[in-house]
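So this first bit is one chain, no partners, the form predicted on its own, shown in structure tokens.
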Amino acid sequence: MTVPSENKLTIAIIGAGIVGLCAALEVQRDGHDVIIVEPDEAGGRQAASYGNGTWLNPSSVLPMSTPGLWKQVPGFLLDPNGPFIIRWRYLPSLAGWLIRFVLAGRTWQQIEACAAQRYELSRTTAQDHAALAQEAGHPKLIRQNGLMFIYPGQADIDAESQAWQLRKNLGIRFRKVETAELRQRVPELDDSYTLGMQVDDGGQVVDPNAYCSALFQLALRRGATHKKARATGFSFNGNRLSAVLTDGEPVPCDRAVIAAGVRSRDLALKAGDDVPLISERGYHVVIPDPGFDIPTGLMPSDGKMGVIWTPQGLRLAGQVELASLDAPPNWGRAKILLNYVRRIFPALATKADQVEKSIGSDNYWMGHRPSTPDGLPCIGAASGSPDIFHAFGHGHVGLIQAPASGKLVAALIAGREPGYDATPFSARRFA
């Protein structure tokens, strides 16, 4: 699409993670000039995009906070091996966020409304990423081969029946995988897992780092420029944006999109919105050369982590740890993932032992997923200026929601109707 020259804008995209890159490509599609403000490698190890579970899961619609969760908070504080932990020493600084978090999921009516809103950003994720990878000239970076949740037995599926019914009500396609099919598809899987639930429309980004790099290069080929600097604030004429301020020279622009992940909070505040954004710290560990591929991403019901093949090896990604942005990694969280490797794939026990001896190597990763308490991202115009747009706060589903988020940002900048109510994503909900 081209726009008349008098309507062409210069748009600064702050951040080159997956959300920022998708936003950049979509505003380019509207004919605007793009400046990507990013001090580091696009989708590099510093980015949440780098270390996620690679899943493109349209059924990832439930927020973390669900009814009765408040009863589990003491366990989050006391159980160092649970999938969701809170570090004691950071509890005072997290208390306000946690109160909002618990209140956001106190009824199933709230959960259903939130899930429907999340689904608007998730429903076509695998197809959208496949189209972007095709445009970038790297179609093999996207697999559209479904995803599977695995369970020890029917009682474990029944325990999640309300979540599966909610997904069904939204129109998400899934089917039950019986024991024989599960054994045939994943023969290496331990016998303790007997059933699965297959999400047909799911997929994966085979290598998130390579994918982000490919999209970044696509944006550059289409005319984007890269300002290698860290955004620090904004310059205004009244409430109209004149430039993005950086730790180097200012970046003159007509519009700006804040897509700086967990570091978006300070920028949003300077744009008029006080967003309760924290780091949902996630970990991954990789078993190099596992000796087998798995045909689809797996999530064990007792572990709640993604298990998936990547070019680097078998990646296990998950864990939720709430702590300070600057707190050092707790590699014990990665050891928990290794324990699940041994449980899920007994044949990998020896290799898991070898990886455990190399803590801190490239096989380990810890990153900061930008998380709001209500499970929805912030997408929309800033309160302090009509020229600044938010695109952050996706938690652990940024990769899933990135293409739709980019399209929504472009529509809002252009004044187009997105086809659904985008009000729930506004940062003003926290005012």
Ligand SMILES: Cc1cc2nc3c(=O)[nH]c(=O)nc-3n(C[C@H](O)[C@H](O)[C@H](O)COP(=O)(O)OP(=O)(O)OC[C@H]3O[C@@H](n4cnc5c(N)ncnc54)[C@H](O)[C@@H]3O)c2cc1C
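Numbers for residues come from their place in the sequence shown, where the first is 1. Keep in mind it's a predicted model, so treat the numbers as computed, not measured.
Below, we refer to the form predicted together with the named molecule, which is not included among the displayed structures.
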item: The single option of 49, 59, 372, 405 touching the named molecule in the model of the complex, heavy atom within 4.5 Å; value: 49
item: Candidate stretches 39-47, 374-382, 23-31, 61-69 - the one whose heavy atoms come within 4.5 Å of the named molecule in the model of the complex; value: 39-47
item: Joint contact, 16, 230 and 367 to the named molecule in the model of the complex, by non-hydrogen atom at 4.5 Å; value: yes
item: Any non-hydrogen atom of residue 336 within 4.5 angstroms of the named molecule in the model of the complex; value: no
item: is_contact(residue 267, the named molecule) in the model of the complex, heavy atom dist at most 4.5 Å; value: yes
item: 4.5 angstroms heavy atom contact with the named molecule in the model of the complex for residue 283; value: yes
item: Exercise: residue 260 in contact with the named molecule in the model of the complex, heavy atom 4.5 Å; value: yes
